[in-house]
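Encoded as structure tokens, the following chain is the form predicted alone, with no partner shown.
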Amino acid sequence: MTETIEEVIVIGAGAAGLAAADALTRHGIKASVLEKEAHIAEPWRQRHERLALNTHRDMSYLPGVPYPKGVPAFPPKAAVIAYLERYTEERGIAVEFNTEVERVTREDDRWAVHTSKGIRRARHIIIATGHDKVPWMPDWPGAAKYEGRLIHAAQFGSPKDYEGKSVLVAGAGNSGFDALNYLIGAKTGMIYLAARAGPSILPKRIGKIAVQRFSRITDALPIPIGNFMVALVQRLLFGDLRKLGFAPVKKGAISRLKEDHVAISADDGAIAAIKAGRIKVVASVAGFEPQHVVLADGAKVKADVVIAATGYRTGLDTMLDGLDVVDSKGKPKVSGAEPGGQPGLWFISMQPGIVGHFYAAGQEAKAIAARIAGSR
């Protein structure tokens, strides 16, 4: 019996995986799409109801299928789920659900994909599982004995869950400011923001204009000029954030994005709340006592809930163990439209970008599909 060797297997049926499968189809290449969840957009379904994209709808769709009329400028959770379902159906993408990929190994000139349903083999593998797959939290001293509630930002739930409670958000990155933007709309007690470094942050809108509409222009600029432009806009709109208690910014926003994969935060009222005293900026979290959060400057804060906005890991260190294609944090050593250090192994949309996840995924998918088609 002849063994079946597939042309391409795409791992993950999120926006990036769907874009990759569609781009390959445009080149006449059939790809198998494996998804561990039971439905399209399952991570979106599991997040809180008020969740919305920080990217404008005009930059948040995949090639060939824009959002329908009537969708808000920053598409909410329900609109994103409906969009991904519609895209899958309209583009005729067959997804194999409930198929978890446990490991990928090399076998001569092909790849073996070890799944929960057996081993599949292919000439090309596209990893599209995302850069925020596994919530990560520091191993803070004393955290296990903390009597308050300690959760990761991925478990945020509903803003109503925090009414009447004091809250400390640990981390001034994108997920930290997302949490703050939602919290200020609830009747919480005091809100604290524990920040290790000053944020790179831009407003969602200036008046009625979505700032993210200018992202393609900023992305095309040389990095030093991009850093200057973001810093200038931030200073003009928010003033000197050091006066609000933030530490100085050590690296420009575009440099952090491209070199450290740290997204630019989106403000939707949190900065104004800090200036009004609704949110207090404090030093970073150093550890916990049973009834207090211990800060790096020795101060202590009593909070009913601590939200760790401390980022995510890819989970690829286990899946790709032994291939030497990811770093100690599981991030691909090479991303985008280039092989991941091994012929036929590709990574798509594995780091944040200023243009937004959907737009970047579409562009990377076209480039990867063209490279695979050219190698036939």
Ligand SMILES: Cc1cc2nc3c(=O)[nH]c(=O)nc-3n(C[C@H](O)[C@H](O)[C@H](O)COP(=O)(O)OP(=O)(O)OC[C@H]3O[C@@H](n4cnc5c(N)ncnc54)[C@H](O)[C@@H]3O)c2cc1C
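Residues carry their position along the shown sequence, with the first being 1. Predicted, not measured: the structure shown is a model, and the values here were computed from it.
Note that the form predicted together with the named molecule isn't included here; everything after this is about it.
The stretch that touches the named molecule in the predicted complex, counting heavy atoms within 4.5 Å, is 97-105, out of 286-294, 229-237, 97-105, 135-143. Although the partner is absent here, Leu51 is a contact residue: one of its heavy atoms lies within 4.5 angstroms of the named molecule in the predicted complex. Residue contact with the named molecule in the predicted complex: Ala128 places a heavy atom within 4.5 Å of it. Using a 4.5 angstroms threshold between heavy atoms, Leu34 counts as touching the named molecule in the predicted complex. By the criterion of a heavy atom within 4.5 Å, Arg47 is counted among the residues contacting the named molecule in the predicted complex.
Put simply, of Pro66, Pro43, Pro343, Gly322 only one has a heavy atom within 4.5 Å of the named molecule in the predicted complex, and it is Pro43. No residues of 263-292 lie near the named molecule in the predicted complex, the criterion being any heavy atom within 4.5 Å.
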